[in-house]
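What follows is a single chain, given as structure tokens, in the form predicted alone.
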Amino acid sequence: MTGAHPRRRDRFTVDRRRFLRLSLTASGAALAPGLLAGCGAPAPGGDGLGLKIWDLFSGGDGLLMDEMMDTVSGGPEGFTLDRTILEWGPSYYTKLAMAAAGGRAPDVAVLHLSRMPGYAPGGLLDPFDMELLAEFGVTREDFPPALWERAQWEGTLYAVPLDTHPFIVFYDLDVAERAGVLDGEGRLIQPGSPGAMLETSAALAEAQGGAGLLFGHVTDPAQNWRIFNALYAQTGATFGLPESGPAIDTDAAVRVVSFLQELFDGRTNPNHLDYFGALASFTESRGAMIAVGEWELPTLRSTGIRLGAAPFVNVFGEPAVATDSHSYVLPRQESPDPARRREAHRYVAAMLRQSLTWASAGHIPAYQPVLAEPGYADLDPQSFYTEAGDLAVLDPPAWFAGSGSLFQDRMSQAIQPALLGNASAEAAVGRMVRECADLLDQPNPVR
């Protein structure tokens, strides 16, 4: 096997103080009882080359993952799999970090790509072997370049993306047709400017007889950051988090928050909805369009509304869509067995080839050959927002950022008062900068 990372073994040493700091700060939450005792023990079940898999998929996604794993487990070359499903959120990432720190982690785990800067630099992940992946039919040319780039650390591949799951818009096709906001192929006409977006939402509201655009954000730990991150990237500005301090274009950030205040003015579009309130308003036909993650597709489709979808609206000129990517990683093993590592690579390659099944839930396969399959073009409305995968904007790379992180929560809470009309855009951006500075001042638990 090639692709070893010689510096990693030298770098990664876990003393007791660092181990405890890692456990307490990786998620910003206290450990669950018994975790310390359990992290050094062998994972339950499995034998021979049976692979131990950790993921965070429950509900509909969990069932689809079951189906994919059943498929790759069949036949004479099928896998023996020992799957552990853990609750999604900060606790998942704490447990994964603890297992890797103990060197007794599962063979393969799922990790949001935005969380990789908190794991790979500290030696909590082992690199993939590009030659092995190629042997099983997976190469860098099979992925969107930007996504592949984010899967690297210092030029070495530490994650293999399974999907992108972007923040997009769904809309009622009948209402959108009456509002005249679709092109000849039934696709949403992208506004391209703040004024045009305000006109689009007003037209939708008039045709709906309710709200134009629904957005749930009150007390949500991520929604305000998602919509801000997309719009801020559309201005062409960069949101940087170097150790020297936040590198944020505050003028661009104020433009974005000011636009959001104008868009969600409490008249054309409500400004006080929480996440589930926005979903309920759309499913009860009290709004024409909703800004939400594509993972809500199964819920929205079940309503019977004639559903359209598009990448998140282009407002500031440069198309960009906030997203993340469920990715496969190889958590650090103290003494990885070459045969099991080979099976792990073969398993990842096999699962990528099953991602048409994964796409049925709304996720966009990262493995591009699947997008070329006739079955994907038939997926409606998924095929209407496929390009969102090429416009992906992840969180800025920092050990404390990423899905389910305290960073997303703090950014969202900083923006919320401005959307509720209780703070100015300038005040909201000022708080975002201070929150970023505070996070940068905190010690990285894996260094």
Partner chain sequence: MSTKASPKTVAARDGGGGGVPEPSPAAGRSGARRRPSGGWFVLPFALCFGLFMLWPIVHGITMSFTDESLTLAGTSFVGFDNYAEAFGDAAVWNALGNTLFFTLITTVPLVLIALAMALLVHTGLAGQWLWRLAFFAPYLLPVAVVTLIWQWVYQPDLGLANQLLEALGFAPVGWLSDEAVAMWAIALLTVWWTVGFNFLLYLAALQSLPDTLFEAAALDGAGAWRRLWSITLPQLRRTTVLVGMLQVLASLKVFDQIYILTKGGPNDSTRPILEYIYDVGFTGYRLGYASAISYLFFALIIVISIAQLRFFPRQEG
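Because the structure is a prediction, the values reported are computed rather than measured. Positions refer to the first chain, counted from 1.
If you look for the form predicted in complex with the partner chain, you will not find it shown, but the lines that follow are about it.
Novice: Looking at 90, 336, 137, 194, which is the one with a non-hydrogen atom within 4.5 Å of the partner chain in the predicted complex?
Specialist: None of the other options qualify; the answer is 90.
Novice: Between 368, 152, 268, 281, only one gets a heavy atom within 4.5 angstroms of the partner chain in the predicted complex; which residue is that?
Specialist: Flagged contact: 281.
Novice: For the chain shown here without its partner, which stretch in 403 to 411, 65 to 73, 50 to 58, 383 to 391 has non-hydrogen atoms within 4.5 angstroms of the partner chain in the predicted complex?
Specialist: Selected stretch: 403 to 411.
Novice: Looking in the predicted complex, any heavy atom of residue 332 within 4.5 Å of the partner chain?
Specialist: Contact check for residue 332: yes, within 4.5 Å of the partner chain in the predicted complex.
Novice: Is residue 170 one of the residues lying within 4.5 Å of the partner chain in the predicted complex, judged by heavy atom distances?
Specialist: Residue 170 lies outside the contact set for the partner chain.
Novice: Would residue 273 sit within 4.5 Å of the partner chain in the predicted complex, counting heavy atoms only?
Specialist: Output for residue 273 is yes: heavy atoms within 4.5 Å of the partner chain.
Novice: Can you tell me if residue 119 lies within 4.5 angstroms of the partner chain in the predicted complex, counting non-hydrogen atoms only?
Specialist: Yes, contact at 4.5 Å.
Novice: Does anything in 84 to 105 come within 4.5 Å of the partner chain in the predicted complex by heavy atoms, and if so which residues, in order?
Specialist: Heavy-atom contacts to the partner chain in the predicted complex: 90, 91, 93, 94, 97, 98, 101.
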